[in-house]
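The chain below stands alone, shown as structure tokens; this is the form predicted alone.
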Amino acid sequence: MEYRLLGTTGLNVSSLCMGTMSFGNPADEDTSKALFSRARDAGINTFDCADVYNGGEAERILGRCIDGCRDEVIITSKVFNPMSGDMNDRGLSRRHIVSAVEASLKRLGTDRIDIYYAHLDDQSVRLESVLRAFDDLVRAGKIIYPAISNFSAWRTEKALAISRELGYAAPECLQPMYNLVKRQAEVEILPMAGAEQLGVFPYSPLGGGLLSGKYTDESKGAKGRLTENRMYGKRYGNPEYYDVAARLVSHARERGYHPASLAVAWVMSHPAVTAPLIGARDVEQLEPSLAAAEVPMTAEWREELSALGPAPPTATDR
């Protein structure tokens, strides 16, 4: 496993980050612990979570997984999504951030969260208020690094500017969606992150399973997120995406690799990317993503894979 510096923090993180969205459902606790153990054996030291994953159960299971090795791992969590029917138990109000981090710390069984994300951008709240709340948590030692997920490039730059102007702890890393069929991050987010020396942990490198080789002409109707989860079905329902996936499967077969390994390795090879998030229902499903760390991806090979689908227009497209 390769290790990379997280922006300018001096923190070394594994070039793959283990996502825990499956912890608690569909992976039961024993399977989740097996996934954690296999990731650790592979050299992964960074584990991504969120309060909303399975109603907090993912955090609880992850907390039990890290018992005994807390100082050896880097733990993330997130705040934004509804955690109950209470209208104020959501969003990025200072009130919710303060209560949410306490709840996450309790579920995780730890005294600090290494990387704490604003899960989504809440434009009903002034950024100054959000950043001040995160800064206070840093000063209190409850989080180490603030971070943002699913923010546009301009909102990220605004957050950085406010943090610098007011002396707040600035966001140190981003979590955008990025894969072979969803490449919008290449237009502004990734170039911005590179210029600002921010860490980048892209999620969904397999496109909800589309790029795993599971959804081919030979296996139409396969069970998984794309067929069982309405959000993923809509997100990746474009027939052109399936064409890209079919070309990836064919390319992978020619090269002797699992398509999931190439899909993750392609994301990992972008110069602005720190570590893609990988995840699975069980250890067997995890293995191809772990194998991405061993793919000898070159700039030329990356271009070849990129050509399997259309590149997004540039920011100044005419």
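Because the structure is a prediction, the values reported are computed rather than measured. For every residue, the number given is its place in the sequence shown, counted from 1.
One more form of this protein, predicted together with a small molecule, exists but is not displayed; see below.
**Student:** If contact means any heavy atom within 4.5 Å, which of 279-287, 249-257, 38-46, 60-68 contacts the small molecule in the predicted complex?
**Tutor:** That would be stretch 279-287.
**Student:** Kindly indicate whether Y53, G208 and R225 are, all three, within 4.5 angstroms of the small molecule in the predicted complex, using heavy atoms.
**Tutor:** Per the other structure, all of Y53, G208 and R225 touch the small molecule.
**Student:** Mark T20 yes when one of its heavy atoms lies within 4.5 Å of a heavy atom of the small molecule in the predicted complex, and no otherwise.
**Tutor:** Although the small molecule is absent here, T20 would touch it in the predicted complex, with heavy atoms inside 4.5 Å.
**Student:** Can you tell me if S163 lies within 4.5 angstroms of the small molecule in the predicted complex, counting non-hydrogen atoms only?
**Tutor:** S163: no, not in contact with the small molecule in the predicted complex.
**Student:** In the predicted complex, does T156 have a heavy atom within 4.5 Å of the small molecule?
**Tutor:** No, no contact at 4.5 Å.
**Student:** Would you check, heavy atoms only and a 4.5 Å threshold, whether N150 touches the small molecule in the predicted complex?
**Tutor:** Answer yes; at least one heavy atom of N150 falls within 4.5 Å of the small molecule in the predicted complex.
**Student:** With the small molecule left out of view, choose which of R90, H119, R132, R112 has a non-hydrogen atom within 4.5 angstroms of it in the predicted complex.
**Tutor:** Looking at the other structure, the residue within range turns out to be H119.
**Student:** Out of K214, R107, R183, H96, which one falls within 4.5 Å of the small molecule in the predicted complex, going by heavy atoms?
**Tutor:** Exactly one residue meets the criterion: K214.
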